[in-house]
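Shown below, as structure tokens, is a lone chain in the form predicted alone; questions about how it binds or moves come after it.
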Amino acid sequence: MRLTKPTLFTNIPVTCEERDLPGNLFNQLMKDDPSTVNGAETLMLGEMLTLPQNFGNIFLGETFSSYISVHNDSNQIVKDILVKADLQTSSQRLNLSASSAAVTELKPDCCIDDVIHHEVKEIGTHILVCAVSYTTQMGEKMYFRKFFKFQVLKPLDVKTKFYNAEVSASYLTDEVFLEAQIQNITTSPMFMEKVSLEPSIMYNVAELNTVDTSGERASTFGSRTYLQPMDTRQYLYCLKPKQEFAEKAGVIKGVTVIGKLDIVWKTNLGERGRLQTSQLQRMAPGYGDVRLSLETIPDTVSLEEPFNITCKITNCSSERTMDLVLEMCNTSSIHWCGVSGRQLGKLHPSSSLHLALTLLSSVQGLQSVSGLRLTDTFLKRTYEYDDIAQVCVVSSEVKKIKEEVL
């Protein structure tokens, strides 16, 4: 017999108008019924619990529990009773017996009881095989088996999407955003206890499913994190490579392992379920031979006043040393301060250098930093970097007032 939690008693309310023939008889009977809710007798849901009347549904990630009882129906004592319970799935056979030792004897009208538990990790057909062997008083060895077949269903539909934090076609950041869409495909509501992302060793993860409310972090889904049948909820995470991996440009390329989702839920009467996805993978964006990333830049700058930025140049090649020349091309609004066409020296494979640059803007508003050119003198190849970042350019008076207010 499968061990499951009881269910709430449901009744079928029968009512009538007071001017009808039964009068108030039906209403009074419902009020006197101990299974109904006081003051809400017409609701189908009652206050009492009932034992399960059938096997019910079992979902992937839940714990399957079963009570096994071997009863001696004869009037003889049997000996050396061995009870074995195996669970057969499409891929494996699991032994669920609590003990492998044989019981010495079993008297008439006595039982051998056992309770087995198993966390279901596969969907599809499962067969519980209960085998019993024993020896009669005449020394004859006897053996029989019983089979209990049930289906394991899928409780959740999980879909994932990856988004690379892309500023422009020539400049990409290391951040990766993961959107996980989780849909409840069962027939009952779920309480979502935990949905977290366990990142791989290459990444740090930041959960973006909370908002700051009066200094406290509150869930974007509210205080009651219930997921109704067929409802879908989106979870968002931001992943960034750890410093030791981000510095090695040749490491994070091609197919990379991001991590896995860990989902924990509870159903109607607290039955707990847990699912872990397989390792999520994504195709890392290509940076070409030379990669330019921005380390520091101010948010707001003053009109016609110099400001500084720091760039990081990385040789993404794993074989070739580069000899780079930096050129700075002015735009209609952004002007570079310094010498253009200067040598940056040799840059070895998978190594980086930091470069401090100075600019000024002649136009107010949101301006795009563009105009950097890197030339590999060996291959005579030029790499163009435009729309690297954006800065807000304001007049000196506006910026002064803003700083005084802050």
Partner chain sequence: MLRFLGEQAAVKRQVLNANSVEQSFVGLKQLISSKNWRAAVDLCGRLLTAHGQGYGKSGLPTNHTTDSLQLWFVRLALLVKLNLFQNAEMEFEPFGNLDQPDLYYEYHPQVYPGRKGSMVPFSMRILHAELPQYLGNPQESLDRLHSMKIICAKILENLEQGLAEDGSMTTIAQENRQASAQLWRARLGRVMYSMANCLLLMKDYVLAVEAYHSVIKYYPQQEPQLLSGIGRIFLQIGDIKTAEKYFQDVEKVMHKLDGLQSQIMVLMNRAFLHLGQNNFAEAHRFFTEILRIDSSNAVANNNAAVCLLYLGKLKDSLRQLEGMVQQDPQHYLHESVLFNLTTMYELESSRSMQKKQALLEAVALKEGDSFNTQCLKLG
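Positions refer to the first chain, counted from 1. Because the structure is predicted, anything quoted here is derived from the model rather than measured. We call the rigid core the largest set of C-alpha positions that still match within 1.5 Å between the two forms.
There is also a form predicted in complex with the partner chain; it is not shown, and the following applies to it.
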- [ ] Spot the stretch among 371-379, 338-346, 358-366, 23-31 with residues whose non-hydrogen atoms come within 4.5 Å of the partner chain in the model of the complex.
- [x] 23-31
TODO: Establish, in the model of the complex, whether Leu3, Ala40 and Tyr226 all lie within 4.5 Å of the partner chain, using non-hydrogen atoms for the distance.
DONE: yes
Task: Selected contact from Glu295, Glu216, Asp73, Asp299, since only one has a non-hydrogen atom within 4.5 angstroms of the partner chain in the model of the complex - done: Asp73
- [ ] Find out whether any non-hydrogen atom of Met48 is located within 4.5 angstroms of the partner chain in the model of the complex, and reply yes or no.
- [x] yes
TODO: Find out whether any non-hydrogen atom of Cys392 is located within 4.5 angstroms of the partner chain in the model of the complex, and reply yes or no.
DONE: no
TODO: Answer for Ser35 alone: is it within 4.5 Å of the partner chain in the model of the complex, judged on heavy atom distances?
DONE: yes
Open item on the list: Is Leu269 part of the interface with the partner chain in the model of the complex - any heavy atom within 4.5 Å?
Closed with: yes
TODO: Compare the position of the CA of Asn27 between the shown form and the other one after a rigid core fit and state whether the shift reaches 2 Å.
DONE: yes
Open item on the list: If I superpose the two forms on their rigid core, does the C-alpha of Ser69 end up displaced by 2 Å or more between the shown form and the other one?
Closed with: no
- [ ] Once the core is aligned, please say if the CA of Thr50 is shifted by at least 2 angstroms between the shown form and the other one.
- [x] yes
